[in-house]
Structures are given as structure tokens and as C-alpha cells.
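First, one chain by itself in C-alpha cells, the form predicted on its own.
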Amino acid sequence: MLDQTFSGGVVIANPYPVEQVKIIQAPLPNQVVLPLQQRIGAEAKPCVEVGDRVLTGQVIAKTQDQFCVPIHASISGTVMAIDKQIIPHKSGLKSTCIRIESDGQDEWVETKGCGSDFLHCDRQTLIDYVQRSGIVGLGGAGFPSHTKLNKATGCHTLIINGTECEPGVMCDDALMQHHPREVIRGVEILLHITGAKRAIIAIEDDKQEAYQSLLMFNHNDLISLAQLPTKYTSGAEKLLIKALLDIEIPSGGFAADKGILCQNVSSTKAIFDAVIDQRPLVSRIVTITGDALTPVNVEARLGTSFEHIISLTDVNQQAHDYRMGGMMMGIDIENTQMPICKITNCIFVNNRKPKQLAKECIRCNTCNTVCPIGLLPQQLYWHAKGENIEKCMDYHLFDCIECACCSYVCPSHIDLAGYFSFAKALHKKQATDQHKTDIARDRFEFREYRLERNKQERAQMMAEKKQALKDKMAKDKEQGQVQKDKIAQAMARVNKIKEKDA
């Protein structure tokens, strides 16, 4: 086990531990709601219509954006609606979704893949399978896996992230315990795609069962397992690389710049499913935890409502608060009618309690000591509170990963991470407004330039016309004088003849 990880961070014990990490297979839902807007990129366009019958695994929406993945039907049935629905996102805005009503058959579409003999498939073919199977980062980021793989040229080290550092989340732990063979084979597929010389599966030291399971199935000399001290936020990509390889990714840099590729362990298993079992991503494991029920892990089809999978637990009948994605970096959600999506790794169901009110900052400096990035949250807070975004940028606002370690230790209960998220949003708004202002100014300046240019062109044209007229008049005058001279000469000749005749 590694002795040291990174500076900062906080040690938080799992508030809702269980004796044995199990996975419950959720029954097929009566309906699923599948959002067409993924985490990044353009919104997918439906390729089915209301009333169409679809099969499980069938592509129902796609986009030409190479950063995006297609949307698959997670059950077989009939498309009942394509409309706006509220999705689990902190914006609270609605997004276009496809609603499918189940026929109870779960009939799968015929799919293709490389199968177990994947070594005969070339790199790009495998990456195409990953994209067509709709695989993204399942740890919560949702970044498309094929995009990472396409950029992994020159990769020397592959890191499989099984740290799952958020307290209370157990879905990756359950996956590693129950699917170790698939995880190891998934890592071998990634080694073949990237050409990396080694792979490291990172696990926190409180997941001994998962560690032993993977160790038992790992017979590949290129793959090693590394245990890290259980500390939040060891799962953050840059911190994980620092802890494992002692390599620092600079501000604004990427792991790929250093020849390193990080993949979530659940995404790695999904890649196994896509390449060898030839199944697109239509389900995921979700941890249901909190003080209102006994924690469980449920494997459910994407698009299943929170309500459906919470109903599989022994949740009590009190009033609840809901949170998706972890007690530290998750988001509060208003109701349980929203659908689970690819980044839904955990749902907290807690008995409703009065929230602690924030007090004035006492400048204790505790937040500065736990920041894993080495920022100065206290100073950032004052500038964010005063909406002085320029000063926030001086304190490296965008290096903040919003892990909320600072908020966790704050004795005044100030939501520091919330202030930083607000400051980032404000910076984005100001940048957008400035961009619009710049465009408007450029348009005005171009209009002024165009009007001045037209004015000059007209003046030049009038001057040329005036000069041409002058030239013509002068020429006409000259020609008139010549004519007069000719007439005078003719008259002189006539008069001379008359004088001779007289």
C-alpha cells in the first residue's frame, strides 16, 4: 500500500456501512425516460417516432458530434412520447427525453462486437465499438470514453480508478467484488487499444474484498493493483496520478499530455460488455443509501425513475431529502420522479432535518489546510462573495475541483464550494456577455467602416464624373472652335470667289 497520497483532503468514514456489499437486480420498470442531452456535446436527435416499437439496445437517438455517444433503448417496448422532462441536473431545467413503455419482453436487438478474440480487432475498430455502445465515464464525470481513447496516443500508463472516494458510495466496490474477471478483461482490452506498457488498478484500503477478488483473477503481468489510504478526494484524476506516479499535471493540463490514461472501473467493465459480450450500455449499478433506509446496491436500467429503485429498499415513511452523486459533490434533487442516467452512481435518502445556518467567517484558516489542490479557499470566498471575479481568477478559481473539503471542515457552516461554483458560473456569464459585447462592437465598427468606405467611394465616383464632364466640355469646346474655324475658312473662300466674279 502506498504510504503517502497527496496533501490536504479529509478522512471521512462511510456514514452508512454494510456488512456485505450485494447487488440487487432491479425488475424491469414499466417505463423509462431517456434524456437526449448527455454531459457534454450537442443534444442527440431522435431516430424513432412516437408509436414505434423498439428493442433493448436499439439506437433511438444520435448526433454527428464526435464528442457524443448514441442513446440506446434500455428496455423493449413502445415509444410513448418525445418531450421535455425534468432531469437530475443542478440547473433544474427540462431537457428533451424519449419515454418508452415496456412490453415486458426485454427483447434485445441483434448487436455486433469483436467477441473474446478482441486481439484481432485493430485499435480504431475497438474505439468505434466503445463509442457505438454509448460508454462514458460512470464515476460521475460522464466524459465520453472513446474521446479519451482517441487522445491516448503515446500512452505509457493506464490507471483504472476504483477508489470511489465519496463516503457512502459503494457501487464500484460492489462491481469489483462481483465482476472481477470482467474488470481484468476490460483492462486488457484497454491495454490493447492504448498500447500502454502497464496498467494500475487503484483501490482504497477499505475495500479489501474487492482487492482480493481482483487479485485472484489477475494473471496478467502488465496489470498491478495499488491500495491507497482511504481519504477524500483521492479519486480525483490529477490527485490519483500524483499519488500513484508522483507526476503533477499542471494547471490547465491533461493526463494525456503526460502519456497517462485514466478510466473509471465501471466504465472498464462496460467496455468489456461492449467488446466481448456485444452489449451496449443500458444499465448501471446505483448505491441507495442514507439514514432513511438500509443501504443497498441496485443494478437498474437507465431511465428508471428514482422512485422505482428506492421502492426496492426498506425506506421509512418519514419526510425525506434526496441527493444524487455523493454527500460531498452531489446535487440535491426535488423529487424522485426523475430518471437515473449514466452518471447516477448514488442516491442519498435522508430523513428531513433542519439545515444548519451559515455564520460569519472567523478566519480560522482550516479550509486552507484541507484543500487538496493547494488553493486558498478563504481568500477565494471573500472575492467570490464580493463577485470580484478578476480577483478570483488571480487565486486560480478554475483549478478548484469543488470537492467541498473546505465546506466540510468550515466551523461556520459556510458553503464555500457553492460560492466557488457560483463564481465560475458568474465568470462564464461575464465571458458570454463580453463576447456578445465584442461581437456588437465589431459589428458597429464594421458598419461605420462600411458607411465611410461607401461615402469615400461615392465622393470618388462623383469627382470622376465631374472630371469626365469637364473633359468632355473642354473637348466639345475645342471641337466647336475647330468647326468655327472651318466655317470661317469656308466663308472666306466663298467671299473670295464672289469678289472674283464681281
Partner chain sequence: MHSTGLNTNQMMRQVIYALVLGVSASYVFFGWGVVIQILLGTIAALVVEATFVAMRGRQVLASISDGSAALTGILLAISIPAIAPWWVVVVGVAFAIIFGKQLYGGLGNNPFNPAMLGYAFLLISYPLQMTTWPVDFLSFSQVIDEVFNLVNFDGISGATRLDDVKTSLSLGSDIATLQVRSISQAWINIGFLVGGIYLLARKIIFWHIPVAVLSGILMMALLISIFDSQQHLPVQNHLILGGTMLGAFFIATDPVSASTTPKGRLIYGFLMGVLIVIIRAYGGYPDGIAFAVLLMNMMVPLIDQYTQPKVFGRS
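Not measured: the values here are computed from a predicted model. Positions refer to the first chain, counted from 1.
Same protein, other form: the form predicted together with its partner chain, not shown, and the subject of what follows.
The candidate spot formed by Lys45, Ile135 and Lys428 is out of contact with its partner chain in the model of the complex: none of the three has a heavy atom within 4.5 Å. You can rule out all but one of 160 to 168, 111 to 119, 406 to 414, 296 to 304: in the model of the complex, only 406 to 414 has residues with a heavy atom within 4.5 Å of its partner chain. Put simply, Pro372 is close to its partner chain in the model of the complex: some heavy atom of it is within 4.5 Å. With a 4.5 Å cutoff on heavy atoms, Gly418 does not count as touching its partner chain in the model of the complex; it lies far away. Its partner chain in the model of the complex comes within 4.5 Å of a heavy atom belonging to Gln379. Among heavy atoms of Val18, none comes within 4.5 Å of its partner chain in the model of the complex.
Contact annotation: of the candidates Ser91, Gln318, Asn365, Ser95, the single residue with a non-hydrogen atom within 4.5 angstroms of its partner chain in the model of the complex is Asn365. Among His178, Arg323, Lys258, Lys238, the residue placing a heavy atom within 4.5 Å of its partner chain in the model of the complex is Lys238.
Of all the residues from 380 to 401, those having a non-hydrogen atom no more than 4.5 Å from its partner chain in the model of the complex are Trp382, Lys391, Asp394, Tyr395, His396, Asp399.
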